[in-house]
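Only one chain is shown below, in structure tokens, and it's the form predicted on its own.
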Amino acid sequence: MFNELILKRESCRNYNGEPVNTDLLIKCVDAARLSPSACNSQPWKYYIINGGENAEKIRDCIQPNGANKFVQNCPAFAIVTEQPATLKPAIAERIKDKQRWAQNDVGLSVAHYCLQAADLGLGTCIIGMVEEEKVREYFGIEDKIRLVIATGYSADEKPRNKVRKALEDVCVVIE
């Protein structure tokens, strides 16, 4: 069942434009909320945009110089921000960089979001090309913006074949 899900999840680049029920987007954020993080710091926040004028605004923020044209038919987005990590005091006093693991933690939560979306029949694409200043101007978000997740229904009937490195190229067993 899990292998079916990871094969189903892909970076969708062809949305059919059908609206997404906000409850489904909240389920995706709930799955992200439950992901693991260093010292249970949970250094993320999700801002959901679902249709309308705000969807037009976020598209403007993720299409610099004509990039990411495929989001034109995407109805919903999650802006993912990095929050200050709250480490346990015993760890915090020994670590100079309190945000040391925050990016990894955000990535784990985004993976949970995307896998939940795939399970719900939604397509996602993680977009790192974000004009932060425009996001701040349009939405008043002051947090560190890490990425945007385009979320909607794929116009394609089935996922593309995954082209990945061979297992032996990425896995070393040390005995």
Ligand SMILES: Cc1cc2nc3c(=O)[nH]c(=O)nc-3n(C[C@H](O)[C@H](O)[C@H](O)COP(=O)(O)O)c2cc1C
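Because the structure is predicted, anything quoted here is derived from the model rather than measured. Residue numbers here begin at 1 and follow the sequence given.
From this point on, the text means the form predicted in complex with the ligand, which you will not see here.
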I'd like to know whether I26 contacts the ligand in the predicted bound form, with contact meaning heavy atoms within 4.5 angstroms. no
Even though the partner isn't displayed, in the predicted bound form is K162 close enough to the ligand, meaning a heavy atom within 4.5 Å? yes
Taking the shortest heavy atom distance, is A32 within 4.5 Å of the ligand in the predicted bound form? no
Against the ligand in the predicted bound form, would I127 count as a contact residue? Criterion: heavy atoms within 4.5 Å. yes
Pick the stretch from 118 to 126, 32 to 40, 133 to 141, 52 to 60 whose residues have a heavy atom within 4.5 Å of the ligand in the predicted bound form. 118 to 126
Are all three residues R9, F70 and L147 in contact with the ligand in the predicted bound form, where contact means a non-hydrogen atom within 4.5 Å? yes
